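Single chain ahead, written as structure tokens, the form predicted on its own.
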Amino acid sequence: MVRHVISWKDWDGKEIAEMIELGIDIKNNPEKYNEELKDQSLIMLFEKTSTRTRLSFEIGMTKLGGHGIFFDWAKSNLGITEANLESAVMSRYAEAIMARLKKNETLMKIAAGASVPVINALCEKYHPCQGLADYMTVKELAGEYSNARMVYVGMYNNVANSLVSAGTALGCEVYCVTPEKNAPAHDEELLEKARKTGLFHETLDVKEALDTDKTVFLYTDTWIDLEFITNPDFADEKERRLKSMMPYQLNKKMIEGSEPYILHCMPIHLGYEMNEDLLPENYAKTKIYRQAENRMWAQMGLMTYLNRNKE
């Protein structure tokens, strides 16, 4: 039975760690892998816009000897038929399907019809590829997951889900400082599994979350979904969120007395969830560009792992 990467809930920590180790080895020794996916194709289905996802997957496939093809939802027949019927056909053309979609429900239909691995490149509930790159960055900078603490501050969302599930599976301590939660991202099963590990903690006190001898990674993401941030119909809710969330903006004042690494999955809305005083040129331990680069290497590790472990 083909395995899909929808979220990290159903993946063992050893498997996630192996993907990351592959990503690190590919990054350090790219010439060893330049024919890893020779003559293979990845269909890259986009319903939502992207910078890092498209570039990292398409260039990553090329570096592995394969081919990534951009497939625009708006210019396909996916909107006028059943997604599972279309993905059944896609599976006849390519060795894997990557999908960046608005709804997890649609992603599950695509996975149901596919006979090749489907990789979730973002939906409203999960962002597993981002989480994989994030913990690759943790591994590079902290050495061991058990030596690190991931502190996510802001709106609890799809990225938070992936940080919590992947982090606790890997043995990393994860703190969430999330005064508000994006309702579509709620997954009680994921949270309960994380709580049982003893590694997952929830607090509204940032100082408490930063208070540790471990290597700290302070992470934030947008407070407002990208498709709504300029939508006039969302203006009132946008203002409400900004007032509620501004005390949780990442800035130099927040980190006084500590020296965490700063992460953000990007794009950044400066002056909102993060202040410009924490940009890399103003704070040396901000690793957002390394983190973004690792999207490519981590995903190359993921695709290599899936190819080598076909069932």
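All values derive from a computational prediction rather than experimental measurement. In case it trips you up, residue 1 is the first one in the sequence shown, and so on.
The following text describes the form predicted together with phosphoric acid mono(formamide)ester (CP), which does not appear among the structures shown.
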{"query": "The single option of 42, 45, 37, 265 touching phosphoric acid mono(formamide)ester (CP) in the model of the complex, heavy atom within 4.5 Å", "finding": "265"}
{"query": "Option touching phosphoric acid mono(formamide)ester (CP), based on a heavy atom within 4.5 Å in the model of the complex, out of 125, 139, 100, 109", "finding": "100"}
{"query": "Residue 249 within 4.5 Å of phosphoric acid mono(formamide)ester (CP) in the model of the complex, heavy atoms", "finding": "no"}
{"query": "Interface membership of residue 62, phosphoric acid mono(formamide)ester (CP) in the model of the complex, 4.5 Å heavy atom rule", "finding": "no"}
{"query": "Exercise: residue 50 in contact with phosphoric acid mono(formamide)ester (CP) in the model of the complex, heavy atom 4.5 Å", "finding": "yes"}
{"query": "In the model of the complex, residue 130 touching phosphoric acid mono(formamide)ester (CP) (heavy atom, 4.5 Å)", "finding": "yes"}
{"query": "Which of 266-274, 27-35, 241-249, 282-290 lines the interface with phosphoric acid mono(formamide)ester (CP) in the model of the complex (heavy atom within 4.5 Å)", "finding": "266-274"}
{"query": "Sequence-ordered list of residues in 290-310 near phosphoric acid mono(formamide)ester (CP) in the model of the complex, where near means a heavy atom within 4.5 Å", "finding": "295"}
